[in-house]
Structures are given as C-alpha cells and as structure tokens.
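What follows is a pair of forms of the same protein chain, given separately as structure tokens and numbered structure 1 and structure 2.
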Structure 1
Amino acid sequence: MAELTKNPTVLQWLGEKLDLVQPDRVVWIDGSQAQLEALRQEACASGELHKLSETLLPGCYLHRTATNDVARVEHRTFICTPTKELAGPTNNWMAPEEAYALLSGIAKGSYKGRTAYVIPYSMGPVGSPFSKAGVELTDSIYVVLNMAIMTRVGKAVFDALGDSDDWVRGLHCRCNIEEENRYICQFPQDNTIISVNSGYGGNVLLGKKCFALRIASYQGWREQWMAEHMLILGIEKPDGDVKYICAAFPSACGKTNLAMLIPPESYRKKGYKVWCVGDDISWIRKGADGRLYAINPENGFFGVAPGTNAKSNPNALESTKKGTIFTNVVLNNADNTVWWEGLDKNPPADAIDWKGNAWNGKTSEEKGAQPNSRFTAPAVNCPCISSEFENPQGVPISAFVFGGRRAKLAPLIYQARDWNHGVFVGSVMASETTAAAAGAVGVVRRDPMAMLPFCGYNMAEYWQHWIDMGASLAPEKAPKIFNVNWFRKDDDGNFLWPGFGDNLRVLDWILDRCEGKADASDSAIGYLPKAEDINLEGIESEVSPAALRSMLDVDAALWQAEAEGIAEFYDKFEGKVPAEMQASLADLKAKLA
C-alpha cells in the first residue's frame, strides 16, 4: 500500500523502526471503513477477535488478552529524561540512552512473520488548535481497531500535519507478552513512546495515557497549556444556559459515572440536563477572551466493565450497544452477547469466561470477567454526548473539582479560597484504600490532581505550572476550585450521601458559587456551604438536614493529622514544592491551631 504522507520526519522515523522490527509487510491505516472492516474480518479469522450477535450488539467484538497482561503496569512504566530530577520522585526513571538500548534489543526482529500497521492519529478534532498528531507503529490489529475508536485515525491526520515535526512517535511491539521484559517508556524530550511485551489497552493504545497525559503534560508545561486527568461535563440549567466543569478523581471514585450523570427526578422535571464532553482526559488552553477552555482529546470511552449497569451508569451501558470492542469479559453462548459481574443478577449458565474456559455463572465460585475488563466504545454512542464534543475551540471552564474517597476527613464539598489555595487542595488529594485494592483497607494514598501515575515530569514543577497558569489569568476569569467527597461515612460505616445522580445537587451549589448566587461560611480548610443551600428536594427521607450538617463538619483533630501527612508527602520533593503551596499548608496548620 502506498505511503500516506511525504513528511520527511515521519518517513525517516518509520524507516528506522521498520528496519529494527523487520515485518513481513507494512499496512498504512487510511481510516476508511472498508479497510477497518477487512481488518475486523481478518482478526476474526485468526481468532484475535470474536464477532458478537449482529442483532443484539451490532458491530461489536470480544477480545481476550494473555492472562499475564490485564492492566496498566506502573512498576514497568518509565519516564526517560536526561536527569532523574526532571522525572521527579513519583516516577520510575531510566536514562534515555539506557532505555533506547534496552528496548531496541527487545524489539529487534520482533515483527518477523507479522504485519506492521502504521496508524496516523489525532488527539482532539483534526485541525483543532488544541490537537496534536501521533503515529503509532504496531503489530496488533486489536490496537488498530481500538485506536480507530479512541482517536481520529487516517490520512486526514497526515494532511493536517503537513511537513511539521510536531508529532508523537509511538512504537508498540507485542513480542512474546513476557512480564519480565514488559516496558512502557516515555521520552518527553523526544516526543517518543515505546511499549514492548504487552497487548493490554492501557499499555498499548499509545494515544491514551502515554501520549494524552504523560507526553502531553510535558508538552503543556513547555507550551503553556495543561493536560489533565479530568472529565468534562456541561450542566444545562432550565433557562438553557450551560456551564462546564472539569473534575479529577483517583480510580474507584465514580469519575465515569459523574461524567455521564443523569439528573435526579426533581431536577429533570425543572429542565436540568447534563452533557458529557469527556470522561477521562482534558486538554486546557487559555482562550482569546482570557478564560480557560478544554477539549476532550479522545474520541471514545475506554471504560471498566464490571459494575457498569443500568443503575450505576445507564449512559455508559448504552454507549456499548454498538461498534464496541469488549476485552476480557464473559461470552454468553446462548445469545452470543457479553456479561460481566455487576451487569445484572442473572449470570449466564452456558458461557466462556475471560480466560477462554467453559463457565457456568450459576454455580462457579470464579469470576467470569477479569476485574479490570474493559469496553472501548465510540463517544458518539453516548446518549448525553455534548453538542460541543467536536468543537475545535473547546468549552469554557467555570470550575475545577477535585475529589477522593475519605470516610471521615473531607466534607461533602468545600471551596478553595483562591487559585493558589486551589492548587494546594488539588495537590493533597488522597483516597483511602478499599477492599477492592490490594493491601490494607483504609490506608491513605496520595494522588495529586489524580495525576500521580500520569505526570510526565517532576510533579513539583507540575504544581508550579498550575501556579503559573493561574498567574496568567485575571482573577475574575479563573475557574473556581472545589473539593468533593461522596464517600463520607457515619460511625456504623454507612455512606451518608446517596451519590450517583444526586451529586448534581452539589454541582448545582458549585455553579451558584461561580455565579455569586450562594453564600458560604469560612472554615480552616476553605469555604463551606450553608446546609440550607444544598437542595435536598426528593431525598429528604434519605438525607436529613442533621446528616447533611454532619457531612459538612470539619474535625480539627483529623485535619491536624492530615496536615502532618501532607508535610511528610511534600518532603519527598526535596524543597521543590512551590512557596505558595507551602504557605497554604502553614496557613492550614495555623487555622487548625
């Protein structure tokens, strides 16, 4: 097949990599439906994909990874910068020359007997001033078909790139899927990603976390924009006005559910609507009017299947009904559809589990779907996808929301006093481990801005970049910053807040604060809502005013212990934590005392 570009930097890099991996043939991905359909059929013929019921799940497929290759591997993920200090204390570091030598040795000849696929892709709408191009070289049809859902792929990307050298190089080699030789390496200075010995999406769809966060966060630092692990949602008031919020949460804190939130009945009756712009990643730039604007650089959802159901997230479930690739879920033989734990209470009896073994969900003690099993679904399938999803200029952001899972410490909602205090609030984000996570329960894990595994350079420099971005904004143009905690518990261990759609009640207060319509009371940690300003209409039987007041309580003793934990965390950065954040910590300690 003919080359799709004359870009000299693309052709030179591809030439070098093809010489290294030595494929039997090369296929350029042009983005056409005819080509993608031919690849689907080829993958079904080889057993790499299984075609599901065209009647019940049109255009949907099932894939199984190797059993030793089912999740992102943070301990095998490296930031390869000239100095260790540039990677910072929260990243695994390897010197670039050492990493290139190691990876070249593993990749050498690994495509023999295989086909090389050249995928040109755009993160963000093709041609948008926010967007960036990438090229992924892979020996996996699974990667091609997933990238065609998660990003914009094809010749149009090369047309928009022209002769520019501003594109991200990505090499993926399946090799033999050996755990001990699995590496996911990012080279921020070289705009390069190399992934070897994995076939799992999070490690091999190189546009996702590798480019859209690790490489892009570094690019944003250098180019004065931001790449954040944030959903983007629009809240439409009854008068038709839509305001947009970016929100960051560690895993297991309901991020995708919030991105596709369905308003409570009392809000729906009034005419409130919620629109999903993105469920995972935001690229944020300053607009001509001095406000911050965000796009979702992705084109699909790479969601966790277990727990997704008609109650927890009906919009996500609906998104998977066509054109979706399911990975490591149960195959229901009876109707050639899929199932996973938490989908419903009716597991299939005649089924095949994620490992490819016969499985009877009525009698088996073993789980049928891998706990990190996934769906890759086109964003356009989502019933609440925003009309601004493809807007090349992005959407204006009114608020940033941070959150974690804290049983007693953090109130339901509080507001930072100003931008710099908000950066402090984001930097001290943490969650307590649940039974689902390996290790002890209730251990506090810090995950600043939910970026701990995804920041492509020293996190202290990343915080300074946040401070600098704020300094470039007029105070009246800067988004206000908040912290939420849906997971507050009573003394018996019961959740106090109903969560899910009712979280809109808290977002409503946030927007009222952004518009100067709601009052707040000052506390040691920031501004708290007055209990009567959180709308409890329709949930009075679940949440009493007294329970709400307890959710807004700030326990000084608990926060004093938290302040010590924050200081200990900051000490890891060897004096590099911005002075503004140290001042916020000192202020917190003084107010608590």
Structure 2
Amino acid sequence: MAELTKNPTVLQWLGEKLDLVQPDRVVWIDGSQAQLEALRQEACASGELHKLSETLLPGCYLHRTATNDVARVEHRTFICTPTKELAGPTNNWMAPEEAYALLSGIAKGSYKGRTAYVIPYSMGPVGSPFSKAGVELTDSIYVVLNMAIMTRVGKAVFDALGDSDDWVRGLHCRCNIEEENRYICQFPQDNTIISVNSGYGGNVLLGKKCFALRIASYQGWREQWMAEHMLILGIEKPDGDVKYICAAFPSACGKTNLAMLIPPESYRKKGYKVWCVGDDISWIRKGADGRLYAINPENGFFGVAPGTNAKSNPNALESTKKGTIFTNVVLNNADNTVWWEGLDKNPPADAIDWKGNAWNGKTSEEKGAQPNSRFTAPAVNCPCISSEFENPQGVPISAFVFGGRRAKLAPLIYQARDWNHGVFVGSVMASETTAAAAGAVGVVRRDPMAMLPFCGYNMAEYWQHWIDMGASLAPEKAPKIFNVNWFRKDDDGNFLWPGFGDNLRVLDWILDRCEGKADASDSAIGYLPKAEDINLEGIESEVSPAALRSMLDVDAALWQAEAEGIAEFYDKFEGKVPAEMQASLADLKAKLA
C-alpha cells in the first residue's frame, strides 16, 4: 500500500520498527470513512468488535478486553530519561538503553501473522499553533478505530507535518497481553513511546496519556507551555458573556461530569449555559494579550461508563448514542444495546457481562460492567460542545480549579491567595484512588495537580515550571486558582454535597471572585466563601445551612496532621521543591499553630 508521506524521519523510523515487529501486511490509515468502515467490518468478523443495534445505537460497537487488562498500569509505566533524577521520585524509571533492549526483545516478531497499521494523528486541530503530530504503529484495529475518534487521523496530518522531525513516535504491540511483560514506556528525550502487552485504552491509545500528558508535559517544560490533566468548560452568563475554567481532578473524579454539566433549574431560568471544550486534557500557552489560552488536544471522550445516566450526565449519555465504541460494558441481548451499573434501575435479565459470560442483572450478585468500563464518543456528538472546540487559538482561562475525592478535610471550595500559593494548593492535592488504574481503590494518596501518573519528568521541576509560568504573567492576567471537593462525607458516609449540575453553584462563586464581585473570609488554608454567597436556591431542603457550614469547615487538628504529611511528601524531592512552595507550607503551619 502506498506510503502517505515522504517525511524521511517518519519513513526511517517506520522502516526500523517494521523490520523489528515483522508484520504480514502494512496498512496506512488515511482517515477516510471507507477505510474505517472496512476495518469495522473486519473487526466484527473476527469478533474483536460486536455491532450494536443500528436503529437504537447507530454506528456503535462493543469491545471486551482481556480480563487481566482493564485499566492503566501505573506500576508498569516508566519514564526512560538518561538519569533517574530527571524522572524524579514519583515516577518509575528505567535507563533508556535498558528499556529499548528489553522492549525490542518483547516486540521482535510480535506482528507475525498480523497487520501493521500506521496511524498519523494530530493532537489539537490540524494546523493550530498548539498542535503536535504523532504516528502510532499498532497491530490492533480497536486502537485504530479508537484513535480515529479520540484524535484527528489521516493524510492531512502528514501534509501539515511536511518534512519536520517534530512528531511523536509510538509503537504499540499487543503481543499476548501478558501482565508480567506489560510495559508502558515514555522516552521524553526521543519523543518516543513504546507500549507492549496491553489492549486497554490509556495504555494503548498513545495520543492520550502517553503523548498528550507524559511526553507533552516534558515538551511544555522545554518550550514554555503546559500540558495538564484538566477539563475545559465555558460558562455563559445571561448577558452572553462566556468565561472559561480549567479543572484538574484525578482519574474518575468528575472531569467529564463537570465539563458537560447541566445548570440547576434556577440557573437555567436565568439564562446560564455551560459549554464543553474538553473533558480530560488541556494544552495551555500564553497568548499575545498576556493571558493563558487552552486547547483540548483530543477529538473525543474516553469516558467512565458506570454512573453515567440521564440525570447525572445527560450530555455524556447523549454523546454515546451514535458512532461510539463501548469497552467492557454489559450487552443487553433483548435489544442489542448496552448497559452499565448506574445507567438505570432496570438491569437486563438476558445479558452478557463484560467478561463475555451470560449474566442476569435481576439476580446476579456480580457487577455486569467493569468498574472502569468506558465509552469512546466523538466530541461533536456532545449537545453542549463549545463553538470554540476547534478554535486553533484556544480559549482564555479565567480560573484553574484543583480537586479530589476526600471524605474529610478538604472543604467544598477555597481560593488560593495568589498564583504561587495556588501552585502549593495544587501540589498538595490528595485523593482516594479509583478503578481507573489497576490496584487498590479508595486509598488516599498524594496526586499533585492530578498529574501523579502523567508527569513525564521530575515533579519538582514541573512545580518550578508552574511557578515560572506564573512569574511570566502580569498578576491581573493570571488565572485565579481554587480547590474544590465534591466528595466530602458526613459521619454516616453520605456525600454532603449533591454534586453534578449543582457544582455550578460553586463555579458561580469562582467567577464572582474572578470578577471581584464576591467577598471571602481568610483562613489558614486560603480564602473561604461566606456561607451566604453559595447560592442554594432550589436545594435548600437538601443542603441545610449547618451542612454547608460543615462543608466549609477547616479543622485545624486535621490540617496540622495534613501539613506533616505534606512535609514528608516534599522531603522525597531532596531539596528540589521550589522555595515558594516551602514558604507556603511554613505559612500554613504558622497559621494553624
């Protein structure tokens, strides 16, 4: 098949990798619908995909991964920099030569009897000054079809790249999906990613976490921009003015939900609207006017299925009604559609669970959908997709919001005193682990800026880069920085805050703060809202004034213990934590004492 580019660096790299993996055939992905449709049919014939009801879910498919391959594998993810210090204490590290030798051994001959697919893709709109190109070589049609939803693929990417060497090399080999030989390796100095022995989303859709966060965070450090695990949303006020917010929450902690929220009725009546620009990743640059601008480098949503329903996130649900690939959810035999826990209270009785076994949702004790089951849906399907989604210049950011799952401690909302204090607030994020990564669920761990699994270099250098980016902004142009916690619980384990659409009430206070319209009270950890400034119109019966007060409470004893934990965490960086952040920690301790 004809090559789609003459770029010498692409052809040389591909030549080397094809010699290594030894496919029977090579197919270049040109991005045409005809080619993608042929691949869908081939995947259905082989059983890799199952076609769902064309009337109820047009253009939708179901895929089941191996049962040992259902989430990202952080313990098998490596940053392969020349020195261990460059990867830092929060990353697994392997020396590049060692990693290349190990991975070449695993990849060698692994495409025998298989087809190699060459996917040219762009992170960001093709031709945007923010965008970057990648090439993924894979032996999985599932990967091709997911990449075609999640990124911009095809010949136009090569045309825009020309003969440039600025593209990210990605080699994915399914091999035999062996857990003990699974490796997800990033080589930031070489713009290279190698992923072997997995077929699961975040491990194999190399444009996503591997490139758009791990490699891109390193590129951003070198090139004065930022790659963040952040959603982007626009809030339109009744007068038509739209303000944009970027928010970083750890995996499965509410980015997709916040990015497409439906305003509470009282807000809708006033004319508030929310527009989704992105639900997972932001690339951020300083614009000509001195403000920070963000794009969403992705073209689709790889969203958590369980818990998504017509009440919690109708826009996400609507996004999955056509052209979507579902992974590891329940197949409803009755009408050839899909189901997952939390979709509705009517699980199908005649069904197939995520493992491929017969399953009766009315009687089974076992979950039908894998807790990290996902949908891959085109962004254009989203009813509230922003008119600025394709804007090559991005959108101007008014506020950054950090947040995590904390049953205790972190209040519903607080504001950092200034940029540097905001970097501190982001760096001390901690959250209960979720099913998005293999391992224990519900354990509180530090997850600075929601980037713990995604920062492609030393986290202390990354914090310094945040400080430096702030220093390059005029204070009045710098986004204000906040921290939220939708997950605070009462002593009986119930969520104190209704969450979801009602989170707009908190974003509303954030915008008021950005516009200098709301007051705040100073506390040891930062600025807290006055309880009366959080608009509870319509939820007075759900959230009593006492409950709101307890959500805004700062418990000095708990925070003192937290400060000790932060100091211990900072100690891991052996003196590299920026002085500005150490000063914030000292200040916190002094204010608590």
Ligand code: GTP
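For clarity, every value in this text was computed on a predicted model and none was experimentally measured. One-based numbering along structure 1's sequence throughout. What we label the rigid core is the largest C-alpha set whose atoms superpose within 1.5 Å from one form to the other.
Working note: structure 2 is the copy from the form predicted together with this ligand; the remaining copy is not. Once both forms are overlaid on the rigid core, the distance between the two CA positions of residue 478 between structure 1 and structure 2 is under 2 angstroms.
With the core held fixed, residue 489 shows a CA shift of 2 Å or greater between structure 1 and structure 2. For residue 56, the Cα coordinates differ by under 2 angstroms between structure 1 and structure 2 after the core has been superposed.
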